[in-house]
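Consider the single chain below, provided in structure tokens and representing the form predicted on its own.
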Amino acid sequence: MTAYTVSMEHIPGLLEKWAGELDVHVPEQDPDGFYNFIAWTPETEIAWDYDLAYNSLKRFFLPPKEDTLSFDMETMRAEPVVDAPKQLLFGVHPYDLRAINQLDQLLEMGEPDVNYLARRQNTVIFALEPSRVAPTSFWASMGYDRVDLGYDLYWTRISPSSFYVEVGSTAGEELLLAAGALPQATGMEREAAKRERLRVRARSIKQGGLKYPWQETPRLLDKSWESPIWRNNSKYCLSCGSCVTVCPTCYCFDVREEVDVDLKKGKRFREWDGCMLPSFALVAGDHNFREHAMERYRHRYFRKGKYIYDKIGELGCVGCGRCVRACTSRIANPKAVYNELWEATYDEA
């Protein structure tokens, strides 16, 4: 694999060039101490060592609300609406990129999601090896500490002033060399990048995670439908939907239509929805097939630990820990829930 060494002093010039062609988004720390991806400007101080972006990156491909169709009621004509800006996400951690790769697969299945795929097609992704692990994260134990595809460049900081940059696509290499030639990485720099990845992975493992191989999770859930944990934990659920809103692999949405006041034109739009909200499973006839909080709470863990696995062979939880931090009732911790189920099953054996 081709790799280059990039000095920190080269990056401002590269960002200027990239921003001339693409909407560039980078991680930044806000005044409250939270990290988030924002639109880059020359004044932006990039948070190279951020541990976790508060909001997931799915919003760049699946906005919280977007128009999908416009229609004219006089001519009886309708036109699709696809807004897919050319954009660059610089600094995506491996677990978040694995989440994006999952969405790529899931939203291509069945009837492909045209709007999502158009945005994905117009997005360049520069991955970044994390240098710190968020207190709520457990991605290494879920197998999401490494990603082998989906990026155009993969950046690893190997010293305070330099990066080891692996090329993942022709487009990525062209952008990297946009300001001129760069030195090819040496074998020593490759080893330095490897050591950095192993160091961060070890830190994630040391911080704690699943107490069993993640591949066992679907079978564990097969035995746990009647577990008391669903009722015990869901008693404290506020049904606010925070856990699914921040989750990088949740992609459910609702579709609605609005007509202008003159009843001539209108639009169809979609907006995020979530299985933890009481109205999510409400259908015609006022029937709700997951009316109770316990049913919604259990569904979420089955969705992450079994249903998505049955579709693509990967767990739907990448171990980012955003839901752990967002839940005010402190019950939305997949690591804690799966470990408790595992211990209960182990004790019964």
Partner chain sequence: MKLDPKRSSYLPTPATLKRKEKLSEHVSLFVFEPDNGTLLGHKPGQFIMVSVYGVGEAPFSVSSAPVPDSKQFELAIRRTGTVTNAIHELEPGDRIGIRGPYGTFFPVQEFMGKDTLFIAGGLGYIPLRSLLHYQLRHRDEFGRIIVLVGTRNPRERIFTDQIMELGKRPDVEILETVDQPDQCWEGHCGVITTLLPKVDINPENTYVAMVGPPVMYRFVLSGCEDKCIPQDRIYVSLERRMKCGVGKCGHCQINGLNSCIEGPVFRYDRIAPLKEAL
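Numbering follows the first chain given and starts at 1. Predicted model, so just to flag it, every value in this text is computed and none were measured.
The same protein also has a form predicted together with the partner chain, omitted here; what follows describes it.
With the partner left out here, the partner chain still marks one of 319 to 327, 281 to 289, 49 to 57, 31 to 39 in the predicted bound form; by a 4.5 Å heavy atom cut-off that stretch is 281 to 289. A heavy atom within 4.5 Å of the partner chain in the predicted bound form is found for exactly one of 181, 149, 261, 109: 109. Checking 252, 240, 177, 205 for any heavy atom within 4.5 Å of the partner chain in the predicted bound form turns up a single hit: 252. Shown here without its partner, the chain carries 124, 190 and 314, none of which come within 4.5 Å of the partner chain in the predicted bound form through any heavy atom. Taking the partner from the other structure, the partner chain in the predicted bound form has no heavy atom within 4.5 Å of any heavy atom of residue 161. The partner chain is not drawn, but in the predicted bound form it has no heavy atom within 4.5 Å of residue 245. Although the partner is absent from this view, residue 71 contacts the partner chain in the predicted bound form, with a non-hydrogen atom inside 4.5 angstroms. Although the partner is absent here, residue 227 sits far enough away that none of its heavy atoms falls within 4.5 Å of the partner chain in the predicted bound form.
In the predicted bound form, the partner chain lies beyond 4.5 angstroms of every heavy atom of every residue of 1 to 16.
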